[in-house]
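Next comes just one chain, in structure tokens: the form predicted on its own.
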Amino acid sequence: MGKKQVPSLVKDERLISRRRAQIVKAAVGLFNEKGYHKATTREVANASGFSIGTLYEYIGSKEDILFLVCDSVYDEVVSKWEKLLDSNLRGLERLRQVIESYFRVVDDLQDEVLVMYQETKSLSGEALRYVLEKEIRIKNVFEKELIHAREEGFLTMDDRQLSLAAHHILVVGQMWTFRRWAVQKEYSVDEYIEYQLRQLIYGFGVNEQAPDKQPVPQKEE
């Protein structure tokens, strides 16, 4: 799917990029503070450092602002993430590093990721589909890494289990933002990453000798 085209009355691409970066930064702060629907375009313009008239030289609607935020956040997450990855690693070490790097990027951009997580649903039509496709691309990165780990003999999950595991990793990373009011009071980011990695890769550490262990229900054919 093609990217939504946000209208601009300005023709200078560098100026458009610079002004929209200002708009995105201002909008992230306002949307986190007040929510997308309660924040006004005039407030975004003021926080961006220019007039409401100037704001509308770079966008066509309030929804365009939210689209720019979501699109920019995904691109920044992926860009920062790729810079942290070490292509020389293999097996579980590689998988751990891919997951940890993503979690650290989310921590670095937690205000932006929180807005994206909470407000994406307010987009409509083409813009919503485009943004959701970008999230699926991130999920697919995890799925690809899980497949590699399976090919190297470290995992035994089937394709459907791998796909669900990739979704799970994605959400666990985002949880550092949308549950930060609770988890960040209990854990440092280093603790959160280490504990989540243990649970994601090795499970909950069930004691197989526990006397009250119940049999795992089998899927009916």
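Counting begins at 1, following the sequence as shown. Fair warning: this is a prediction, and the values are worked out from it, not measured in the lab.
Not pictured, yet referred to below: the form predicted together with the DNA.
Enquirer: Going by a heavy atom distance of 4.5 Å, is Arg180 a contact of the DNA in the model of the complex?
Expert: No, Arg180 sits far enough from the DNA in the model of the complex that none of its heavy atoms falls within 4.5 Å.
Enquirer: When the contact criterion is heavy atoms within 4.5 Å, does Val171 count as touching the DNA in the model of the complex?
Expert: Although the DNA is absent here, Val171 would stay clear of it in the model of the complex, with no heavy atoms inside 4.5 Å.
Enquirer: Given that the DNA is not shown alongside this chain, does Ile52 nevertheless sit within 4.5 Å of it in the model of the complex, heavy atom to heavy atom?
Expert: Yes.
Enquirer: Any of the heavy atoms of Arg42 lying within 4.5 Å of the DNA in the model of the complex?
Expert: Because a heavy atom of Arg42 falls inside 4.5 Å of the DNA in the model of the complex, the answer is yes.
Enquirer: Using a 4.5 Å heavy atom cut-off, which stretch among 171-179, 150-158, 52-60, 187-195 contacts the DNA in the model of the complex?
Expert: Selected stretch: 52-60.
Enquirer: Kindly confirm or deny that Asp12, Leu15 and Arg19 each have some heavy atom within 4.5 angstroms of the DNA in the model of the complex.
Expert: Spot residues vs the DNA: full contact, yes.
Enquirer: For the heavy atom contacts within 4.5 Å of the DNA in the model of the complex, list the residues of 142-168 involved, in sequence order.
Expert: Result: empty, none.
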